[in-house]
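What follows is one chain in structure tokens, specifically the form predicted on its own.
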């Protein structure tokens, strides 16, 4: 699928072009998430000093978009030599065929490092564990004292945790005993699965052939989790962490990134860390273990040098240095975890002790899909108040479908498809040429010469991707290997049968129907007021148009804080004595989509206001003068002159706004990630998940064509109805 990502890969190539060899030296391109530039620079310099023939070009990726960039680079053939992947991505990458097997090279180190499972496939190794982390209990010592609890004895059992949460919640209405992550893709299952494991439950059987989630142990764990709800804050993990630092939440299950954030936001906070509470005090506390893996591209020209750099990054000194300096990761090297450094710092000591009993989730290739379903289970029970048996049964059914899916090995390469599409385009152009069946006059020939560049760009960048994606929509496409096999209409059939797609379709239509009329009325009304000459006219125009020239991502980020538990909107409601929603706006499945719709209306009205203002200014003033002579008032003028004159612009705005609304994505991606409980998942976000999270590019292409057909139908009927009325 290389050509579809040509433009993006061009920029990728600039930042990390293919390996360069000059005068015997080797340049390795390395992408990683965990080290910032300040720390990376001296490490690279140290390695290059010890290896004069190797030059390292290291680039830091963001967790938000890094996975997309890695996939894009693999598709475009511009992938780095060495890159970092998360442990939950490991199974999919390891079984994709794009990573280099390093079983023999890692044999001497197998017993010395933690967490090999995510990069192992049938005893073959495709990566090296680097840095690891886990979830553990943070508790506020100040709130413990106020609630009459002993701050030197954090809760060790479920009963003690529930009792402590009750006492802390009783302190005040805006204080919470515990924090429960909801309405996200990963945090909910990260913080729930340790309780499931400690309660004796499992998601899959040991051989990964059966879903074992629907069990008595899982029921009891969810029942305990539900018992915490009256005393807990339900929110995104980031909000929970912030409110813990603000002394509004007594206990949270979270990660070591809080060490730095607490130091920045509330350095005087008295808090401690402890292991995950268990049903019985005699149990060994198990927590979720995740990590960062360093992998090599199978096609790298310098495997020895690449492995040498991996060994440098995974050495005792480097791993311990990163753990000391960053204080949010731990070494994967077991010996480094026993370094005296961890005995001196009580917080890091608790972190390291919990890591020694941490457990990784099943290294199944479908886990990357399963984890979202597990997070959905928490939302169903905690936000939708669905009965536990029903939620477990439904979740188990979804997991079973993924477990029973088989990965088809593609037989047709990307290059073959490109070749045949190019052949088709050449035949199409020649056929068009010969169908004219006459000699071109000189003038027309020169015209063709002038439009030839545009025609070429259209064929290459518009028609080619269109045909390519159309073929892909009828196939099972492996996005990492760029091979596929034809599957007929199965992608379309499965998509239309998928309940998640139908929900996304419903949300999208609701978004369009709910935003287009309001945007139309507001923009027409504001344009009419400004046209009448309100005071500070230019200021009003600039103010309403400002959101249009501001990035949607920026606006969505601002509104995320605006809608948060401690945000400005809740502050206003509290000040006025109006009850605020519980949970907060973007966590509440009844309000989340409506909140995003309100933001969309506000941010887009300014653009249509300018269009209507231009249309109003084109209406002849003589019409208004004549109507005044006939005794028409302002309201009659609006409905008899203004509105009829605006009908062509209304038609344009309605069609364009509907198309934009059906394609809503950045707002969803930034604010809710499709949550809570999938209540804000739209078609384009569903498409994104299928293509870039689940790597089902064939299904994603089918969704794109279904959406294109839907937009065409909407545009056709809108134009037909509005034209008939005009």
Partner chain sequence: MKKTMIFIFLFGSLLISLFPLYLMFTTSLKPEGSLLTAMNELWPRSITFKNYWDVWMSGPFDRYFLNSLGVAFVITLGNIFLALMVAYAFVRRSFVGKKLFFGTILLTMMMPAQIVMVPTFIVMKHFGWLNTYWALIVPSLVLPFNVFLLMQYLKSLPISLEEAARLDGASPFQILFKIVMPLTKPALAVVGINTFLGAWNTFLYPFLLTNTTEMRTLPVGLALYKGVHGVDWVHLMAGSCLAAGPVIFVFLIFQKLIIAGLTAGAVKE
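Whichever C-alpha set is largest while still superposing within 1.5 Å between the two forms counts as the rigid core. All values derive from a computational prediction rather than experimental measurement. Residue numbers count along the first chain shown, from 1.
The same protein also has a form predicted in complex with its partner chain, omitted here; what follows describes it.
- No residue in the set 197, 577 and 588 has a non-hydrogen atom no more than 4.5 Å from its partner chain in the predicted bound form.
- In the predicted bound form, residue 679 stays away from its partner chain, with no heavy atom inside 4.5 Å.
- Taking the partner from the other structure, its partner chain in the predicted bound form has no heavy atom within 4.5 Å of any heavy atom of residue 629.
- In the predicted bound form, residue 535 approaches its partner chain with a heavy atom inside 4.5 Å.
- The closest non-hydrogen atom of residue 426 lies beyond 4.5 Å of its partner chain in the predicted bound form.
- Look at 176-184, 390-398, 523-531, 86-94: in the predicted bound form, residues with non-hydrogen atoms within 4.5 angstroms of its partner chain sit in 523-531.
- When you look in the predicted bound form, the only residue of 469, 274, 360, 220 with a non-hydrogen atom within 4.5 Å of its partner chain is 469.
- Exactly one listed residue, out of 493, 335, 460, 643, brings a non-hydrogen atom to within 4.5 Å of its partner chain in the predicted bound form: 460.
- In the predicted bound form, the residues of 677-691 lying within 4.5 Å of its partner chain by at least one heavy atom are, in order, 684, 687, 688.
- Relative to the superposed rigid core, the position of the CA of residue 278 differs between the shown form and the other one by less than 2 Å.
- After superposition on the rigid core, the Cα of residue 646 moves by 2 Å or more between the shown form and the other one.
- Put the two forms on the same core and the Cα of residue 628 is off by 2 Å or more between the shown form and the other one.
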